[in-house]
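Next up: just one chain, as C-alpha cells, the form predicted on its own.
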C-alpha cells in the first residue's frame, strides 16, 4: 500500500536514547537519566487527591475548549505570574503542548507556508510542520545571542516560533528582545512558554505582556510536573477561538477529563511546585560546577528550564556515538544535539538536570570518572 510523504518525518532521537537506557536497565544496570526533559517528581499531591475524589463520578467528554473552571484558573495564573488580565474565553485546554502546536499550526498556516524557528530548538516543531505540508525554516542561532534568534536572522516568513526558556539551551529572551522579534515578525507568531515558572533569576516574559495578537502555548508537563497526564493549553486572539474550537472538536473531541481535574487542582499546589524549582536550582548549580570538571567547558549557563547545552566539538564530531559510549561506559544517558540542530548537532550534547539531586551528583561523579579514563 502506498504511503503519504507527510508521514516521512525524522525520528525523535532522544526517545531512541530513552529506549537504549531502558534496555540497559532491563539488563540489570543502574542508569542515571540526564537525557529526557521529564521531572523526577510526580504530579502534585493535591492533583492526585482531586483525581481520587473525582473517580466517584463518571468522567466523560468535556466541552472541546476545556472545563470552564480550568480555563478560569489558567487565566488567573496569568494575572498572578505576569499581571496580565486575560479573558478565560481565550484559553483553550489541549492534549499537551503537542496538541496545542497541531491546532496552532493548522489554524495559522496554509500548506507551503514558511515557518521559522531558532536552531538549536525543539525538534517536534519541524516534524509537525512537515506533516502538515508546511516548510520549517531553521534559523541558526549563535552563542553570543545565547542561542536565541534575533531580528536580523529572519528571512521572509509566514510565521515564527520562539521558545523562552528554550529547549535545549534553557536561555531566555528579555522583554526588549522578545518585543523586537514580535515587531519584526508580525504574521503567525507562536510563543512556546512551556518552561515558564522554571527560572533561576528574573522570571520569563510572556508574549501576552506585549501583544494579544499571538498564539501562546504552555503545558502542565514541566513546572507542574505532569508529563504523563498529557494536558496543556494555548491562548489565542479572540477571533481565533471559534476556528480552533472547530478543529479541536474534530481532531481531539476534548482533552482527557481526568487530566483536566488534576490540572485544576495543581494550579493551587504552589508550595510543592516551588520546592521542585528549588531542587532544580540546586541541581543547576551542581551541573555548572561539575560539568566543567568533567571536561564539558563550553556551555551557556541556562536562565530557566532544566537543561544545559554543551559544545563538545573539542571532544567529538559524532555526538550520537559519543552518547552511546557515555551510556555504555559510564551508565549515564545524555542526548546528542542532532535532535535540536541537524547541521551542528554532531558536536553538541544536552544534559537534563530534572531528576533528584542525588542522581545529579552521582551522574556528575560518573561523567568525571569517564572523561578521566579517556584522557591521554
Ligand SMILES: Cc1ncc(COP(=O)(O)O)c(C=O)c1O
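If you're wondering where the values come from, they're calculated on a predicted model, not measured in any experiment. Positions refer to the first chain, counted from 1.
Another form exists, predicted together with this ligand; not displayed. Remarks below refer to it.
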query	finding
Contact segment among 192-200, 81-89, 172-180, 265-273, judged by heavy atoms lying within 4.5 Å of this ligand in the predicted bound form	192-200
98, 101 and 219 all contacting this ligand in the predicted bound form, non-hydrogen atom within 4.5 Å	yes
This ligand contact at residue 259 in the predicted bound form, heavy atom, 4.5 Å	no
Exercise: residue 122 in contact with this ligand in the predicted bound form, heavy atom 4.5 Å	yes
This ligand contact in the predicted bound form: residue 114, any heavy atom under 4.5 Å	no
4.5 angstroms heavy atom contact with this ligand in the predicted bound form for residue 167	yes
Position in contact with this ligand when the complex is considered in the predicted bound form, options 298, 240, 130, 230, heavy atoms within 4.5 Å	230
